[in-house]
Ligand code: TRP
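Only one chain is given next, in structure tokens, and it is the form predicted alone.
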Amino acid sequence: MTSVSQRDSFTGKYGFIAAAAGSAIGLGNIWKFPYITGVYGGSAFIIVYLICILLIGLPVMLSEITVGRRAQKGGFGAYKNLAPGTPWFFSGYMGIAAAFLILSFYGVVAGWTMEYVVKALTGAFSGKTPDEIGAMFGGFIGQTAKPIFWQIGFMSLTCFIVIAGIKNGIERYSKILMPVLLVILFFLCARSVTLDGAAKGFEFLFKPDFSKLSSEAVLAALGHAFFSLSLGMGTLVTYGSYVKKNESLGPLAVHITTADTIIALLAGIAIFPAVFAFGIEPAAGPGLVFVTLPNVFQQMPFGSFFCVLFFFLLAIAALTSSISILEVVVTHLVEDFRVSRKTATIVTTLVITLFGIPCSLSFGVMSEFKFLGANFFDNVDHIASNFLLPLGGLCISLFVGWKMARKDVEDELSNGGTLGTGYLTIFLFLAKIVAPIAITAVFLHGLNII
């Protein structure tokens, strides 16, 4: 087993929290969470989401970090170290495959955010009607060259950070990007809540109406709680392997989960009061960010400035997640194939970017290329999100709950017996029973079985 002293590592608790929270806080929080909250009725959905975070997201996250630090390896190597001679290592391969596929289309959407930063800076939305803004978005993603240009730019930036390593790359930039993200988000919240009519947005977010809550909404909350924390693809196993042995894992998992949830709620506060203040439909769907919000911003005082801030925020959130996803694949090549970090990062970035180009073209020249009724982008998203991630999360939960010896889990959580672990029994119950059942429900829902 590789000693932690021979590997790069996070310098301390804040560095790990910044990086891991950055991994969890991505487009899912700023882009997806607000629009699915709108689709499923607001605060009642949020309450279910918070329950799911507590009962499923937190134990699965702690499971991943525990496995990573125990093994001192990334996803594939961790299973090989802790369960040698067993088929558990296939779980590591699923995580690597999920990371590869997700980053291929994630880089495309993240590239869109960079284009929209430029559009906001140049005043491209000024004087445009909602229909014109919608047509602008459709026209942009339907192009060939420009979306690919921004995809390559975003992936190159991700590559640059990951090449530098854990301490000098991922940790250093996460410590810069996460505070910037928070400052921008607080600034946007302050502007949104002071608009006339903002109270309706707060009511939508914080006054529950459980009559609007359907079984589909409950499963959506469960699925988003799971996916928003970057679980199931080995990201936190990999990051956990770089955590020093004197750090307390339980509080770290709580801090990351709390940060992720707070950012998601702040995104809702930044968006919905403004949406209601200008009479926009809250259930606008995926177009909420790229079509609806530019329309909202241009109607408010100093809207162009806040529009720039918002899309810059979105780009930062995408970047903090993308570096963690790329690190999963890079760590596998470095540790299991003895490839240098620089070579592994450049080659992985190049291959993922090339695979992502058909995802980008799915809205343009390849829009008519369908398989099972969906374009290339949607199929890649479906395979990763509905198959690989739930199976990866299920495996890590079952591994910690049933395969690892209780004494080994306790040893890791207690830092060799130096810390109290009064939560161990509850944690193992959630990992053994509750999380597997819930994740299976998400998996079956993704297959349209329930």
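Predicted model, so just to flag it, every value in this text is computed and none were measured. Note that the rigid core is defined as the largest set of C-alphas that superpose within 1.5 Å between two forms. From 1 onward, residues are counted along the sequence shown.
Keep in mind the form predicted together with the ligand is missing from the figure; the text below concerns it.
Notebook entry, point to check: Are all three residues Phe16, Thr66 and Ser241 in contact with the ligand in the model of the complex, where contact means a non-hydrogen atom within 4.5 Å?
Noted result: Looking in the model of the complex, the three residues Phe16, Thr66 and Ser241 all stay beyond 4.5 Å of the ligand (heavy atoms).
Check: Counting only non-hydrogen atoms, which stretch in 108-116, 226-234, 202-210, 360-368 is within 4.5 Å of the ligand in the model of the complex?
Finding: Going through the listed ranges, the match is 226-234.
Next item on the list: Report the residue, out of Gly57, Pro390, Pro34, Gly26, that has at least one non-hydrogen atom within 4.5 angstroms of the ligand in the model of the complex.
Entry: If I apply the 4.5 Å criterion carefully, the residue I get is Gly26.
Item checked: Interface residue in the model of the complex among Val329, Val289, Ile102, Ala267, criterion: non-hydrogen atom within 4.5 angstroms of the ligand -> Looking at the other structure, the residue within range turns out to be Ile102.
Check: For Ile325, is any heavy atom within 4.5 Å of the ligand in the model of the complex, or not?
Finding: So Ile325 counts as contacting the ligand.
Notebook entry, point to check: Does the ligand get within 4.5 angstroms of any non-hydrogen atom of Gln151 in the model of the complex?
Noted result: Gln151: no contact with the ligand in the model of the complex.
Check: Does Ser321 make contact with the ligand in the model of the complex, using a 4.5 Å heavy atom cut-off?
Finding: Close contact exists here: in the model of the complex, Ser321 approaches the ligand to within 4.5 Å, heavy atoms only.
Next item on the list: Heavy atoms within 4.5 Å of the ligand in the model of the complex is the criterion; list the residues of 44-69 that meet it.
Entry: Result: empty, none.
Next item on the list: Once the core is aligned, please say if the CA of Pro34 is shifted by at least 2 angstroms between this form and the one not shown.
Entry: Yes; that C-alpha moves by at least 2 Å between this form and the one not shown.
Notebook entry, point to check: Has the Cα of Met94 moved 2 Å or more between this form and the one not shown, judged after a core fit?
Noted result: Met94 C-alpha, core-superposed: shift of less than 2 Å.
Next item on the list: For Ala318, state whether the C-alpha moves by 2 Å or more between this form and the one not shown after rigid core superposition.
Entry: No, Ala318 moves less than 2 Å.
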